[in-house]
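Single chain ahead, written as structure tokens, the form predicted on its own.
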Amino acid sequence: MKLSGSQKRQLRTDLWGWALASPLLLGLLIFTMYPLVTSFVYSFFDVNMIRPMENFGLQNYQAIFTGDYSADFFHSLKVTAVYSAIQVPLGLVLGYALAMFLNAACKGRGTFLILYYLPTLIPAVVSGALWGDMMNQQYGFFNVLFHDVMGFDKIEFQSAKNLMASYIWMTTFNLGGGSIIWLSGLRGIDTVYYEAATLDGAGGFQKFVRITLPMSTPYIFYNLVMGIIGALQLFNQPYILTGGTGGDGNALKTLNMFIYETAFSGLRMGIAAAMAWVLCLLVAVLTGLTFLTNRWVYYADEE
């Protein structure tokens, strides 16, 4: 079939577009879709990276729920759940409060914004190593300050009872990154609303409750979803902070850390893949529930 001139031009445009998009598409296929499909297949076989796949069935899922791996699996799942339940709402509240402070019309606001944002530029590996040294019981900065300088007892930051709290406290120093999103939302609120509220005699608290908070709900929703996904996939900093062990009593061994340990230390790729898909399902369910219950989110364009 002979193509017309306009059809040839459209074909050239389409081919040029596919050529430009091909690096991204190939990257997604090779580094995302292929591992995704492979891990799903592995989850139904005994795979230890030494001999070929064998024994198709649900034995890997049985091992993590009722078998030899169940105790460690549920412990790491509990650690991940406790961390997520505390850090996600805490991060939302503190991040929003920081954005409110940065949004205030005060001198040096730009300097404060830079200072709060700087910690987020430190790579997670470097940050975990630095905090590990700073919280060391013998020579760490905090214990030198509290014990040697101020005369208090040394704090066992990395003990089983304190490690989770220490890590959550550590994460609060990275709030500046999320505050950029909060700040863009706060600055996007039309000042007309505040002017009208002032004419009606509304005070600062009423303006916050009636205007600022409802108009910020899209950003609250976005940060909530991203916070849930990020918390459930926690790996880098706890791994570096504890040297890959999960700390005293496995107090900070998250589910991702246990998956990594099972796959690359125990060489049980099939069981690790099954745990990864359980985690994927958990993330999908919680994210889906968040979207199903988002009626509290206010979108101005829906009026």
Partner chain sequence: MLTKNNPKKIVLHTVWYIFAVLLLIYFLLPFYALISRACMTLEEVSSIPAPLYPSGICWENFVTGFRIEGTVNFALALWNSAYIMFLRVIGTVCSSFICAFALSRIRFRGRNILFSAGMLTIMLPGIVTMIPLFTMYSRIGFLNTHLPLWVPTLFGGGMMPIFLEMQFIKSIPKGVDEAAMLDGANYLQIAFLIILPMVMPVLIYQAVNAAIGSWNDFMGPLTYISTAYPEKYTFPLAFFVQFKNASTPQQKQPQVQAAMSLVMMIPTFALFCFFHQQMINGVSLGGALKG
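Please read all numbers here as calculations on a predicted model, not as lab measurements. By rigid core we mean the largest C-alpha set that fits within 1.5 Å across both forms. Residue numbers count along the first chain shown, from 1.
The form predicted in complex with the partner chain is left out here; the points below concern that form.
Participant: By the heavy atom within 4.5 Å rule, which residue out of 74, 193, 208, 169 makes contact with the partner chain in the model of the complex?
Facilitator: The residue from 74, 193, 208, 169 that makes the contact is 169.
Participant: Just give me the single entry in 90, 213, 181, 189 that has a non-hydrogen atom within 4.5 angstroms of the partner chain in the model of the complex.
Facilitator: Looking at 90, 213, 181, 189 one by one, just 181 meets the 4.5 Å heavy-atom criterion.
Participant: I'd like to know if residue 45 sits close to the partner chain in the model of the complex, meaning any non-hydrogen atom pair within 4.5 angstroms.
Facilitator: Outside the cut-off, so no.
Participant: Verify the contact flag for residue 70: yes if a non-hydrogen atom of it lies within 4.5 Å of a non-hydrogen atom of the partner chain in the model of the complex, no if not.
Facilitator: Taking the distances in the model of the complex, the answer for residue 70 is no, it never comes within 4.5 Å of the partner chain.
Participant: Please check if residue 58 has a heavy atom lying within 4.5 Å of any heavy atom of the partner chain in the model of the complex.
Facilitator: Output for residue 58 is no: heavy atoms all beyond 4.5 Å of the partner chain.
Participant: Just checking whether residue 235 would be counted as a contact of the partner chain in the model of the complex - the rule being heavy atoms within 4.5 angstroms.
Facilitator: Yes, residue 235 is a contact residue.
Participant: Does anything in 231 to 255 come within 4.5 Å of the partner chain in the model of the complex by heavy atoms, and if so which residues, in order?
Facilitator: Result: 233, 235, 236, 239, 240, 243, 244.
Participant: Quick check: residue 288 between the shown form and the other one - does its CA shift reach 2 Å or more after fitting the rigid core?
Facilitator: Result for residue 288: no, shift under 2 Å.
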